[in-house]
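This document starts with one chain, in the form predicted on its own, laid out as structure tokens.
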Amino acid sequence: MPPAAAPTRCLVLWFPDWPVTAWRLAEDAPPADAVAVVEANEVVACSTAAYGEGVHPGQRRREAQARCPELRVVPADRLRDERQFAPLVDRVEQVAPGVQVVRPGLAALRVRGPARYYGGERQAATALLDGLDDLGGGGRAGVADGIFTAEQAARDADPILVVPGGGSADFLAPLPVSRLGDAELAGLLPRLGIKRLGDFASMDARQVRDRFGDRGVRLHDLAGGRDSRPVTARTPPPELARQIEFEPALTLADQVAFSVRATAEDFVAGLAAANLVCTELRVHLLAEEGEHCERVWLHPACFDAAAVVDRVRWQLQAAAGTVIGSGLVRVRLEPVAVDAISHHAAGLFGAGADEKVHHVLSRVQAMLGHEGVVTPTIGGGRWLAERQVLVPWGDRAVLPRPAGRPWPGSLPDPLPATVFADRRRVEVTDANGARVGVDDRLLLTGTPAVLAIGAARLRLAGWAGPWPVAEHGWDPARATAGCRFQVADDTGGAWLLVLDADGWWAEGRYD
């Protein structure tokens, strides 16, 4: 086996509990709050205030809330972590290029160049941390041979720790084996009496391979300070986001839309220069009093400048007076999802039918507003009216009641072709004109013979039911109950009826 490459002298920047910091930056929340970021009901990061109350990563959500009743629980969001970490990486690259993002909150770079420029490794680390104070701060720096050792140094730094060259093994030796980041070994090795990295590193490499395989050998090398991984610098992505600031602040949506048009054209042109188009757009609005509003918009095809301006105007109109109460000072446009521009090029013989539909509906929506053009989708639920969900053109359907879940008591296929948004009052009587009802044992008080809808009286040729439906019986404010019937009249029509405490209703019609 060829000898492993010598460890690279690295500088690692580590920001403790970055998911909490990323959430705080995104929401502009005060740092003093007790916050825990949770994934799969387990705490993955928490704020300093939460640590003070006994909350720590690895706890179950319920245990953390029991220790700190005022704890604010935030769901994990890797995209948010990456998005908020990107400005810090950009700032580091302005000072020292060649940065590798190990994960959001942890970045590494070769220290040789910055150390020469700033006159030493500690001086270089100080310069980098000082340059990040206004973007989040709270970072620590570790310098050592290899990324792993430098990361451990950063975790123990206050705020900078430099491990002398060739001293990685001695520095790592007293650290617990849990620092390897392997849950299986962290649980097994202490039971074997191996609690420190130095103990694990002193084991024979062949025995480690026999017991733990290649994974164990790699961790064995890390424990001994033999981290041969190179620093793989990222290729900085092109700057595709655009923003515009207003001085003085603007208060009218039409003023903002007019002012942002040039920025929108520049945004689309920047994407085109990179042979890209935007299919999902994030619009961030910042107001004079610190209020902010952020939303991700979708487009059935791709955004042009006019579509971008429309989204800015719609978002401001929806937020004005509720989320935003003062004048607007900044609009930021960020592409969330992009696609190759070649996939959206016009066809050789003109636009196809789908493109024409996109164009027409988008133009109508631009004239009528965001909710002026809607498309239907089927949601979940037990009542037909709530299963009809209208989604603004271009938006992703966010169903209040997902269709994929089981809904006991819901109507099976085939469903009525016509569903009444507001149930229609009807009456069902027997042959003698007496109203038909249902007793406590779900037995009919008579045989349905006539269906009265307004002035029309239809004779029934057949009927089926009742099928009881009850929801939210534990909540009187939301409780609903009734019995469904399917009836067919002698003209060939079929109806879906509901009988509840208020009488008979027509829920839909089979056409």
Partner chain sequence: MSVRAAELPSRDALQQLVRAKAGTAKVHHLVPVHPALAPLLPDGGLRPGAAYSVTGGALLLTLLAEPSAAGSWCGVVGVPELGAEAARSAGVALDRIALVPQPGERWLSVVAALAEVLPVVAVRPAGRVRDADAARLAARLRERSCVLLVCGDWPRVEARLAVDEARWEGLGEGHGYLSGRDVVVSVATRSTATPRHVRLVLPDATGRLSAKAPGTGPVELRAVG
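Take the two forms, superpose them, and find the largest set of C-alpha atoms that agree within 1.5 Å; that set is the rigid core. Residue numbers count along the first chain shown, from 1. Model, not experiment: these values are computed from the prediction.
What comes next is about the form predicted in complex with the partner chain, which does not appear here.
Engineer: Answer for Leu175 alone: is it within 4.5 Å of the partner chain in the predicted complex, judged on heavy atom distances?
Structural biologist: Contact with the partner chain, no.
Engineer: Spell out, yes or no, whether the shortest heavy atom distance between Leu415 and the partner chain in the predicted complex is within 4.5 Å.
Structural biologist: Within the cut-off, so yes.
Engineer: Quick one: is Gln388 in contact with the partner chain in the predicted complex, heavy atoms, 4.5 Å cut-off?
Structural biologist: Yes, contact at 4.5 Å.
Engineer: Wondering, does Trp393 line up within 4.5 Å of the partner chain in the predicted complex on heavy atoms?
Structural biologist: Result yes; Trp393 sits at the interface with the partner chain in the predicted complex.
Engineer: Please pick, from Thr375, Ser228, Thr251, Gln123, the one residue with any non-hydrogen atom lying within 4.5 angstroms of the partner chain in the predicted complex.
Structural biologist: Only one listed residue qualifies here, and that residue is Thr375.
Engineer: So the partner chain isn't shown here. In the predicted complex, which residue out of Pro30, Pro69, Gly462, Gly52 has a non-hydrogen atom within 4.5 Å of it?
Structural biologist: Only one listed residue qualifies here, and that residue is Gly462.
Engineer: Heavy atoms within 4.5 Å of the partner chain in the predicted complex: which stretch in 59-67, 39-47, 479-487, 450-458 meets that?
Structural biologist: Only one stretch qualifies here: 479-487.
Engineer: Please determine whether the C-alpha atom of Arg424 is displaced by 2 Å or more between this form and the one not shown following superposition on the rigid core.
Structural biologist: After core superposition, the displacement of the Arg424 C-alpha between this form and the one not shown reaches the 2 Å mark, so yes.
Engineer: For Gln486, is the CA shift between this form and the one not shown at least 2 Å following rigid-core superposition?
Structural biologist: After core superposition, the displacement of the Gln486 C-alpha between this form and the one not shown reaches the 2 Å mark, so yes.
Engineer: Using a rigid core superposition, assess whether Trp467 undergoes a CA shift of 2 Å or more between this form and the one not shown.
Structural biologist: Moves: yes, 2 Å or greater.
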